[in-house]
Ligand code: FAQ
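A lone chain, given as structure tokens: the form predicted on its own.
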């Protein structure tokens, strides 16, 4: 859920290659500037590979951890229809993690290594999943706002310069669009319901608005990897541009729901054709990233428990694979 890029001409996004670059680096950059796709067996700079491993694995971790806030509500969904929809969505998120881990493996890193990095805290995941879901309305707010922000971030990744990542994102974005619609429909039902239900929807919007804006990452001036990722065609739209687009699209949706965005500084600027919005509390973002969010400890504890509980399944699968290899080897003799 949870990265960048779209429709920036190559000439506009290119950053000059450093002086003294090797011929293969120049050829690689020329392919990027021509919007060619880089495939696993193609030559690539080590920095490009490491950047992709970091981004794709963290994206996969986000999908994996992202099942937890909503999975918390599967047994308590208010109807069979709502339960089935939520089950389907959580299953989709597991699938997204699978696609992304597979894409990262094409860069020479194993799934076991990536999982170990997550469980030991050496790898990050999206800060948005470290917030609680105290009411059923939070499921709707996540679908509407969090998945809405994810779509803004991820559609450009369908044109990422790395082929396996770009192709994985095509299916992921299609499924995320349904998640966003599901969330909006749930919020619409609550906002058209009783006074208590509408108040619950408003409270969920209040909780998730600012964390959703933080999902786009630091302001451009404070985003350390943006310039290089842009040069390599991994990132195509800046954090601030995506955040502004999200606000411009989402505020009218909140108006339609009859809900109020929790930002006293929010106003329409007729001259620019955009909404102006208040300052983001980046100190909160930094605290959550460092592991001090409301649910950081619970989220990692749940993932470690799942890993430990699944040890017997991994062992059984490995034993079965070894037995099958032995049988094949014996038959070949």
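What you are looking at is a predicted structure, and each value in this text was computed from that prediction instead of being measured. Residue numbers count along the first chain shown, from 1.
One more form of this protein, predicted together with the ligand, exists but is not displayed; see below.
The site on the displayed chain is blocked: the ligand, placed by C-alpha superposition from its pose in the predicted bound form, has three or more atoms within 2.4 Å of backbone or C-beta atoms. Only one segment in the set 254-262, 112-120, 154-162, 73-81 has residues whose heavy atoms sit within 4.5 Å of the ligand in the predicted bound form; it is 154-162. Mapping the unseen interface onto this chain, residue 28 falls outside it, with no heavy atom inside 4.5 Å of the ligand in the predicted bound form. In the predicted bound form, the ligand sits within 4.5 Å of a heavy atom belonging to residue 289.
Not displayed here, the ligand is kept clear of residue 174 by more than 4.5 Å at the level of heavy atoms in the predicted bound form. Shown alone here, residue 285 lies within 4.5 Å of the ligand in the predicted bound form, counting heavy atoms only. Contact with the ligand in the predicted bound form, judged by any heavy atom within 4.5 Å, is made by just one of 250, 191, 223, 180: 223. Shown without its partner, the chain has 124, 125, 126 in segment 106-126 as residues with a non-hydrogen atom within 4.5 angstroms of the ligand in the predicted bound form.
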